[in-house]
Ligand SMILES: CC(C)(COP(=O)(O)OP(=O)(O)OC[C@H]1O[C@@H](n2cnc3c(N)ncnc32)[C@H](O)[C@@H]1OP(=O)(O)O)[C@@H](O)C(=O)NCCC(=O)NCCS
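There is one chain below, alone, in structure tokens, taken in the form predicted on its own.
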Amino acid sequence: MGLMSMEGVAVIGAGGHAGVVIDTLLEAGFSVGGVFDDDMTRHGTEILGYEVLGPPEALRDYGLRKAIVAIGDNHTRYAMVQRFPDLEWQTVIHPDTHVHPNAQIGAGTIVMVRSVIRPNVLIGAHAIINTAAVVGHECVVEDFVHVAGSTHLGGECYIETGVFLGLGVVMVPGTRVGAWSIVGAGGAITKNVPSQVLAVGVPAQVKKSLPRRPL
């Protein structure tokens, strides 16, 4: 279970994913200090009753130091974290999950409702383990990964930095996905997937290389 925050947590990002993050924060016992987004058209609007107070830099005006990035896109989330190296990134785990006591989960990572994290799992920083995902024993999930809802990682899988696994992806035990690759919804990973590619299907096949984006 996430630790109780004694001050509000700044939620950076005001898209649809932010509502799920706010709900998870509240269920985990945190309070929300405010929502912040670069999109000026969202300023003054509300998400679950919390006002979007301004751009992310404005969180300092409210005396906020604790934060989480509520942006589903891995590249955008990475870029946002680089803008604020001095913030205290919060690890948030929904209380209705099963997380083995020896699993390690990094700063800024969020684990959504009904997820299962098995023994000896290592999850890096600023990852998203979305609703009802299963991460099997001895898996490694590196930084800035997004594991979408109902995805199932068999034991000893390795997910490199920046990977996106779409809804319902299944990984055979011991397989690996290379950095910044995308596996489309419903894909079945039966062999290793290289870095920076799009793979789809059952079994998942590489369809194209993805353009390299500046980090």
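Just so it is clear, the structure is predicted and the values come from calculations on it, not from any experiment. One rule holds for the numbers: they count along the sequence shown, beginning at 1.
There is another form of this protein, the form predicted together with the named molecule, and it is not shown here; the text below is about that form.
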item: All of Val9, Gln90 and Ala107 within 4.5 Å of the named molecule in the predicted complex, heavy atom check; value: no
item: The named molecule contact at Leu167 in the predicted complex, heavy atom, 4.5 Å; value: yes
item: Interface membership of Gly16, the named molecule in the predicted complex, 4.5 Å heavy atom rule; value: no
item: In the predicted complex, Lys191 touching the named molecule (heavy atom, 4.5 Å); value: no
item: Val197: touches the named molecule in the predicted complex, heavy atom cutoff 4.5 angstroms; value: no
item: Candidate stretches 145 to 153, 171 to 179, 63 to 71, 43 to 51 - the one whose heavy atoms come within 4.5 Å of the named molecule in the predicted complex; value: 145 to 153
item: Heavy atom within 4.5 Å of the named molecule in the predicted complex - qualifying residues of 71 to 102; value: none
